[in-house]
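Heads up, the chain below is alone and in the form predicted on its own; it's given as structure tokens.
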Amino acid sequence: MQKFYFWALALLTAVMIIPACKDARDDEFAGFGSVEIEFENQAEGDALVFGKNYTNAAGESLQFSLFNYYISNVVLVNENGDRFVAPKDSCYFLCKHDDPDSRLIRINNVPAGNYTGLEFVLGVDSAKSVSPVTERLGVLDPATGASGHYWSWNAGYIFMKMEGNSPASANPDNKFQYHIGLFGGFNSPTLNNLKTMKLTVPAEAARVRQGKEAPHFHMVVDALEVFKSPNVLSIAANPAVHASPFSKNIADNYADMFTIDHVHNH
């Protein structure tokens, strides 16, 4: 009889615990939270410093004086492969090296979950580039936020601006200048230098929970990768690149300059 009561009690306890555990997990993944993504620009393994001497893959000495890029169309992928696409109207960012606040972006209203993948576009997609100017605000406003990052002749944005100086450059004051854009063309076909990054977290997933502090993706951006792979870029041979066909080589290189270093969960 004692054995009967023992097993009955054990069964009853199990029946009570299992739903409780399920309910707790369901509550954990209910609701919405936020994520932060920080873009840390580096060169030669350390924080990028304007005016510091570096050496590119062609063996040329150089100093940076400007490094800016557009990030857009952010997508988060959870451990089950489900994708959260951030609303496009609030998902365009102009990251400027000399403005650290611009390189820390926040995505809100993310479904609670464990996120192991991050996707985004370097550049501004064609649909937004040709949309009415009244629909392009903030960092997309050609007259204000996008000033200096917009080509009116082709209704397009400069996706990445890199400038500096190098003894290898024959330009005045040894300047080099790379302004890379082109989304496929508006009035006539052009190159498409938009690049989509698809990255996986190296270890711990980003845990998004309602009411909890946002997890933090720490992204390393290697500025010297622009000169490195898959195309070795020589400043001597190409001290200035804008909308020429050669811009594709630089775009192919900057597609490799992003890495998720780690995720910080609070």
Partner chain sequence: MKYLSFFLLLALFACRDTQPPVEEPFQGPELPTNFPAPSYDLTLNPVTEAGFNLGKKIFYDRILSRDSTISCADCHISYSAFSHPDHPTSHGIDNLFGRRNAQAVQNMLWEKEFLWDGGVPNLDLVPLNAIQSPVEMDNTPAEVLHRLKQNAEYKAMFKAAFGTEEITTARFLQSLSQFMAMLVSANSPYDHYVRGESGGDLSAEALEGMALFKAKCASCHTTDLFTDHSFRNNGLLDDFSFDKGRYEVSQLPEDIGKFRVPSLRNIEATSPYMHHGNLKTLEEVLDHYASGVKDSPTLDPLLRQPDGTLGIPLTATEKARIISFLKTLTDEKFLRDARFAE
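In this text, all values refer to a predicted model and were calculated from it rather than measured experimentally. Residue numbers count along the first chain shown, from 1.
The following text describes the form predicted together with the partner chain, which does not appear among the structures shown.
Asker: Pick from 163-171, 80-88, 140-148, 67-75: which stretch has a heavy atom within 4.5 Å of the partner chain in the model of the complex?
Answerer: The contacting stretch here is 140-148.
Asker: Looking at the partner chain in the model of the complex, is some heavy atom of each of P100, G211 and N265 within 4.5 Å of it?
Answerer: No, none of the three is in contact.
Asker: Just to confirm, L191 within 4.5 Å of the partner chain in the model of the complex by heavy atoms?
Answerer: L191 belongs to the contact set for the partner chain.
Asker: Is H179 a contact residue for the partner chain in the model of the complex, using a 4.5 Å heavy atom cut-off?
Answerer: H179: no contact with the partner chain in the model of the complex.
Asker: According to a 4.5 angstroms non-hydrogen atom cut-off, is V133 in contact with the partner chain in the model of the complex?
Answerer: Result yes; V133 sits at the interface with the partner chain in the model of the complex.
Asker: Even though the partner chain is not shown here, does A243 get within 4.5 Å of it in the model of the complex, heavy atoms only?
Answerer: Contact with the partner chain, yes.
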